[in-house]
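Next up is one chain by itself, shown in structure tokens, the form predicted on its own.
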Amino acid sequence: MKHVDRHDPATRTWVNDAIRAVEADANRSCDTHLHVFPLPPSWGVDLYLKDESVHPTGSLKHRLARSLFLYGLSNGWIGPSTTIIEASSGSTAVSEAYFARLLGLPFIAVIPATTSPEKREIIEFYGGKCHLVDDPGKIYEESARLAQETGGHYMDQFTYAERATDWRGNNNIAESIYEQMAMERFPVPAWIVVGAGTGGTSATIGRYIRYRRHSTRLCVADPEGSSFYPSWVTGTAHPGKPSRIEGIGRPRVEPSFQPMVIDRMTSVPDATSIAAMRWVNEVTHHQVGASTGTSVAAAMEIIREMRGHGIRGSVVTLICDSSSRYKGTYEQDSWLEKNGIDITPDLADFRALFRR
């Protein structure tokens, strides 16, 4: 008999300790809050915002980064000296930089040059390096090139997001939503509304809904110009353009996007997303980012329909991150004017909702 033994006790010990450290991060954190949005009770429809901005790295992507690290460690892709590389629009890179520092690993974020300065600063705060790319469509191949050049590991969130998370439960975001809704007047949501960046969150929630046999429908809110919406509608790939709403929308349909688990897609103009963001900030005092505005805009469209048809129930969406990451963009009227975005009509429409 012949055999080849590649077992390295030191590396296995390091991986065991690394997995323990990543899971300890989750164990230290309470679940994220589920806020009641102040809709008039007489409407018969309740809206909830699950606040993912309270994670240690300030966004929904903290869950994804944790899962991707556990996936990479368990697959043997990450070792004690591996350089971690990720293609990102910013938030995933922030969270992965945090976990890389936790494990003592170098981290390089390959991000569009347009990524907000606030996000770049946080990546660097956690010890990561920012590798800026002028063409956002090139971040994938540049990440693969850097991984080959450094002998590192390209995390590739856009491929692995939908498979790194256990969609059957195990305290994923879907299971958390249903547990937190259990004592509400409409405990099983009529709709859950999310955006799509990798498509991993919508895949996890859509699969969980079916696995648990819930009647909930899933809506994905997509910013204007993204490839997800036209590709889902036609069933064929449509190239898009880089999104001005950071964190969601993609110029291509990502491998993690699972169209068959989605019941509705809504294309939301950028002006509407930013108007909804500012409206949420006004009426809740939760300072949310524009991707949250995209989902809230789609959720409010659903709520209008429910009211129009006399349907009672609950709708759940997510606070993806905080507006503190966009002080120089979405919160600045001068930035809106420079980019030709007029939010005035949409903001007036949102403000008028409670007067109707």
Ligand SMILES: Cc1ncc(COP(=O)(O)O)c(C=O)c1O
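None of these values were measured; they are calculated from a predicted model. Numbers follow the displayed sequence, beginning with 1.
The form predicted together with the ligand exists for this protein as well; it is not shown, and the discussion that follows is about that form.
In the model of the complex, the residue from Gly247, Pro223, Gly206, Pro189 that sits within 4.5 Å of the ligand by heavy atoms: So the residue touching the ligand in the model of the complex, by this definition, is Gly247.
Please tell me which of Ser95, Ser88, Thr201, Ser273 lies within 4.5 Å of the ligand in the model of the complex, judged by heavy atoms. The option sitting close enough to the partner is Thr201.
Does Val194 reach the ligand in the model of the complex if we count a contact as any heavy atom within 4.5 Å? Taking the distances in the model of the complex, the answer for Val194 is yes, it comes within 4.5 Å of the ligand.
Using a 4.5 angstroms cut-off on non-hydrogen atoms, would Cys320 count as touching the ligand in the model of the complex? Answer yes; at least one heavy atom of Cys320 falls within 4.5 Å of the ligand in the model of the complex.
Considering non-hydrogen atoms and a 4.5 Å limit, does the ligand approach Leu60 in the model of the complex? Flag for Leu60 set to yes.
Heavy atoms within 4.5 Å of the ligand in the model of the complex: which of the stretches 22 to 30, 35 to 43, 285 to 293, 302 to 310 has them? Flagged stretch: 285 to 293.
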